[in-house]
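Take a look at this single chain, the form predicted alone, given in structure tokens.
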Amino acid sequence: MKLTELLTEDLIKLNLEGKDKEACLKELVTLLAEAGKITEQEEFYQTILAREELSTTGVGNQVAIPHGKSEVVKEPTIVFAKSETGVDYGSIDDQDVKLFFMIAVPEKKSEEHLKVLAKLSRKLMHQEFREDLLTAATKQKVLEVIKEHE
């Protein structure tokens, strides 16, 4: 499954407003709800918070990949967002996070969840990919960058 099949323009936010981890996560979950990808916003937000309690999804290099699986998720989906200033996320390298990829997967599709997470993690290890995302000024450009690197 290609990342560009899971991410559409309505699931991209170029200027996160949240100033802390919880506010940013709430914004991402709101995008999922507004796009009709989840049936219950607060329940999925709690799923994401519960996952964060296990260990941070701030993977380093200014990237966070919060993720969760739940019966409130209709189909595998990715949300992408950028923070211009960066957010103290409690990342493993203590850097503020500027690039967010939230992965939402239906409860019964856990293998999809792991495949998407692995694919995305591999891509994000490449500095050029991260830099291209940081400089992408439009939602269309974000999608182009992901497609180019796929």
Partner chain sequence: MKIVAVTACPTGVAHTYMAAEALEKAAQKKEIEIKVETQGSVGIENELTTEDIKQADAVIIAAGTNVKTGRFQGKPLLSVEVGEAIKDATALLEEAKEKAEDFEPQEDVVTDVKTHKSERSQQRTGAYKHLMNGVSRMIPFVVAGGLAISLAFAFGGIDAEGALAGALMQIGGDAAFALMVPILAGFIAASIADRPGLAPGMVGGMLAVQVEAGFLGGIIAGFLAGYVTEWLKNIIKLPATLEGLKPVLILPLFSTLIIGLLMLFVIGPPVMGIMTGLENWLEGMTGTNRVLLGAILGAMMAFDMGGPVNKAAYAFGVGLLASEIYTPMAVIMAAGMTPPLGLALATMITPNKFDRQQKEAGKAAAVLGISFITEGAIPFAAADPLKVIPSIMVGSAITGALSMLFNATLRAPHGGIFVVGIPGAVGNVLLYAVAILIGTVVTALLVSSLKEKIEVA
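Positions refer to the first chain, counted from 1. Computed from a prediction, not measured in an experiment: that's the story for all the values here.
If you look for the form predicted in complex with the partner chain, you will not find it shown, but the lines that follow are about it.
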item: Candidate from Gln95, Thr30, Gln46, Thr56 lying within 4.5 Å of the partner chain in the predicted complex - any heavy atom; value: Thr56
item: Residues Met1, Thr8 and Leu11 all lining the partner chain in the predicted complex, heavy atom within 4.5 Å; value: no
item: Partner proximity in the predicted complex: Lys108 to the partner chain, non-hydrogen atom cutoff 4.5 Å; value: no
item: Touches the partner chain in the predicted complex: Ala50 (any heavy atom, 4.5 Å); value: no
item: is_contact(Lys26, the partner chain) in the predicted complex, heavy atom dist at most 4.5 Å; value: no
item: Contact of Ser121 with the partner chain in the predicted complex (heavy atom, 4.5 Å); value: yes
